[in-house]
Ligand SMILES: CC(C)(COP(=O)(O)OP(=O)(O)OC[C@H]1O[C@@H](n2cnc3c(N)ncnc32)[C@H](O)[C@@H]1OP(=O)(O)O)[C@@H](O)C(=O)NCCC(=O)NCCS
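In the form predicted on its own, a lone chain appears below as structure tokens.
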Amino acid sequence: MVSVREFKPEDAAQASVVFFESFKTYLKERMETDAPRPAEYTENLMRYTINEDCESISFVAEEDGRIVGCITVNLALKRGLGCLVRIGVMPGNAGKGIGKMLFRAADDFWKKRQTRKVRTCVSSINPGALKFYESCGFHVEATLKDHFFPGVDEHQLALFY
């Protein structure tokens, strides 16, 4: 059974693998590294932080003691503007609703803080991710040509509350 909880520092090594493997499914030869980032790198990205301007939190999906999905989100507190920074699900677990479970945790975070808008982006070479975001209520606001790589556009997405 899969459960979602807040990220803990000891999850960092497994989370690194989740992001690496999930991004590799569509980036393929465009990957910037040929191995997951060090745990310390991922821990710094996913660590809970809050200050007067911003709150950032990460959640993991866990199954049988193994991390199978991760999401990192933040919120500019004074403007009510959220950002879905990154989400990843292990390829063997894709299509099982894990991404939706992670998104619901983020959605609860934003709603409790009266967020007015959430933004994220998706690569044009990742149509499955675009479909996922649209199923969560996001819509394309703009497309940046040749943004990720030459010939690879970026779709800027928004979700309004």
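Note that the coordinates shown come from a computational prediction; the quantities given were computed from them, not determined experimentally. Don't overthink the numbering: it's just position in the shown sequence, from 1.
One more form of this protein, predicted in complex with this ligand, exists but is not displayed; see below.
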My question is simply whether G88 lines the interface with this ligand in the predicted complex - judged by any non-hydrogen atom within 4.5 Å.
yes
Given that the partner is absent here, does F109 sit within 4.5 Å of this ligand in the predicted complex, heavy atoms only?
no
Any of the heavy atoms of Y133 lying within 4.5 Å of this ligand in the predicted complex?
yes
Heavy atoms within 4.5 Å of this ligand in the predicted complex: does Y26 have any?
yes
The one residue among R116, K100, R30, R113 placing a heavy atom within 4.5 Å of this ligand in the predicted complex is K100
Partner absent here, but in the predicted complex, which of 88-96, 46-54, 30-38, 59-67 has residues with a heavy atom within 4.5 Å of this ligand?
88-96
Pull the contact list for 48-78: residues with a heavy atom within 4.5 Å of this ligand in the predicted complex, in sequence order.
none
